[in-house]
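Let's start with one chain on its own, the form predicted on its own, as C-alpha cells.
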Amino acid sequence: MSYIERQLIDIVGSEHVSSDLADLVPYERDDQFALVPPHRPDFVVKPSTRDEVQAIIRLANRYRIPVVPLAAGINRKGLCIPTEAGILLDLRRMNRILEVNEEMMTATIEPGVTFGQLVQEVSKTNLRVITPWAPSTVSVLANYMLRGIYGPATRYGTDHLITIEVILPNGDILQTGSAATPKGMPYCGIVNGPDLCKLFQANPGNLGVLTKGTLRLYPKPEVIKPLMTSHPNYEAMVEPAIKMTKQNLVAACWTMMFSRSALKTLTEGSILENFVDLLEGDFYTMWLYVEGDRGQAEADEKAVRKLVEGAGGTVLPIPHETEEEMIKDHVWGRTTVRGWKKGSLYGCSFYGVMKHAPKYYEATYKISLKYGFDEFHYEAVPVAPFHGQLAYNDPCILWDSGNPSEVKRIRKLHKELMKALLDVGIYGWFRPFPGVVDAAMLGKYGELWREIKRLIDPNNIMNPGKPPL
C-alpha cells in the first residue's frame, strides 16, 4: 500500500494524497448509510488535470485497485461509497469553466464546477442554466450525467449534456459526438454514429471518469412567475397538471402532498410557519412556474388559473419574500434544503405514469404510516417529453438516522415500499442506486448492460459494487 501511495504522490503531489484515517472517514458514508452500509477508501486522491486522472486510472488498472470518482461531494444513496475500498478520486480541484459560448448556446466545464459557479458566469449573458432542485453546490456534470430532476423539467426535460470527455478504465481518452471529429468541436452529440454520451449517463462512475463536458444553455426568459395552489386531494391535481403539460403552459409543475407534521418541520422558522397552524389535515399543492416574454406569460398564467379553479383548486396568495425565494431556487438551485432537519430524508424516486400518481402516493403513504413515519411528503412532476405521461415521482420521509429503532424500521419500509410500487407499475427507478436497481430483473436489457460494463471495464475497477454488477 505504501508503494501505491508513493506512486500516487508522484502523480499529484504529497498534499493531494492521503491515507490518514481523519481524511478517509468523511468519504465512508452519506445520508443513506442505513440502506447502503459505510465503506472507507484506502486513499483519497485529488487530481487537478486530465493527465493526472489518466495516470491515476492507469496505475489503478495495472494493480486492479478500485476507483470511485466524486465530483463535488453532495452525494446521496450510496453512489459514491467505496464499496470495495481503493482510491476515492476527489475531482473538486477540477473546477474550471472552460468556455461559455453564447453563439452556440453551450458551456464546456470540468466535473468540479458547481451550479452556483456556472449560473453566476452564465448570468453575464442572455442565457440560462437549467438547475436542479438541489443545493447550488452540486456538480453540474455529475448531476447531468445522472439526469437529475430540474425545476423546469416539465418544459425542458432532463437531458442537457451534448458531448463528454471520459478517461476509460484502461487510461484511454474517449471524446463523444462531434468532439471526436478532427477539429474537435464539442457542440453536437448526434453525428458519426451512436450517441455514446448517453451510454455513460445513468452509470454512477462505473464506466470511466468524466473530465470535461459540454452542455446546453437556454434563452433567459423575460418573466418567471411562480404560482402556488391548494387542492382537496391528490386526484384533483392530476388532470390540471396533465392539461398544463400538454398545452405547454408551464415550465415547471410540481404536484405535491405534505402531511401536516412534515409541513410543520419543513416550515419551522420561516414566514410560512403560521400557515401550518391553520391546516386541519394534509396539504395538497401545486408549485407552478410560468415563463416567457411578458405577454405570453400573462396569457399562460390566465389559462393556468382557469384550469386550477375549474378542477376545484385555489390559487393561493404568495408572500413577496416567499415568491422571491421560489424564483431564486428555480434559477439558481436550492439555497435552503430543509428536508434534513430530522437527520435524514428517505426517498425512493422513480419514473412512472402521471395519471397513476395518486396510486403511487396512496401506496407509499400507507406504508410510511404503517412503520410509524408520519412526516411524509410526496411529489410527482410531469417531465418533457411527456409521451406515455412520463413523470418523476418521489415519496419522501423525514426521519432520524441517529435513532436505531428508526433505522431498523426504514430498512423494512424500503423493501415493502419498492415492492408496492412495482406492483402498481412504474417505468423504472430514477437512478441506478445500489439496493434499488437490480439489473437481473431487466431481462436482456440487464444482461447487455452487464456485458457493456465488463467490456469497457474488464478488471471491474470503476466503482465496483454499483449497478449493473
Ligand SMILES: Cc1cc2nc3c(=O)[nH]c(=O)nc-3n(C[C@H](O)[C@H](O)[C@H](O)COP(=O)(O)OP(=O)(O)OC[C@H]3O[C@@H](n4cnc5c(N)ncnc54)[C@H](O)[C@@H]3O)c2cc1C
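Just so you know, these numbers come straight off a predicted model, no measurement behind them. Sequential numbering from 1, following the sequence displayed.
This next part talks about the form predicted in complex with the ligand, which is not shown.
- Under a 4.5 angstroms non-hydrogen atom cutoff, the ligand in the model of the complex lacks residue 39 among its neighbouring residues.
- Proximity of residue 118 to the ligand in the model of the complex falls outside the 4.5 Å heavy atom cutoff.
- At least one heavy atom of residue 91 is located within 4.5 Å of the ligand in the model of the complex.
- The ligand is not drawn, but in the model of the complex it has a heavy atom within 4.5 Å of residue 70.
- Only one of 100-108, 287-295, 178-186, 206-214 places residue heavy atoms within 4.5 angstroms of the ligand in the model of the complex, namely 206-214.
- Note on the partner interface in the model of the complex: the residue among 409, 50, 58, 431 having a heavy atom within 4.5 angstroms of the ligand is 431.
- Listed residues 143, 344, 229, 154 were compared with the ligand in the model of the complex; 143 is the one with a heavy atom within 4.5 Å.
- For the three residues 395, 398 and 436, a heavy atom within 4.5 Å of the ligand turns up in the model of the complex in no case.
- If you take 78-98 and check each residue for a heavy atom within 4.5 Å of the ligand in the model of the complex, you get 79, 80, 91, in sequence order.
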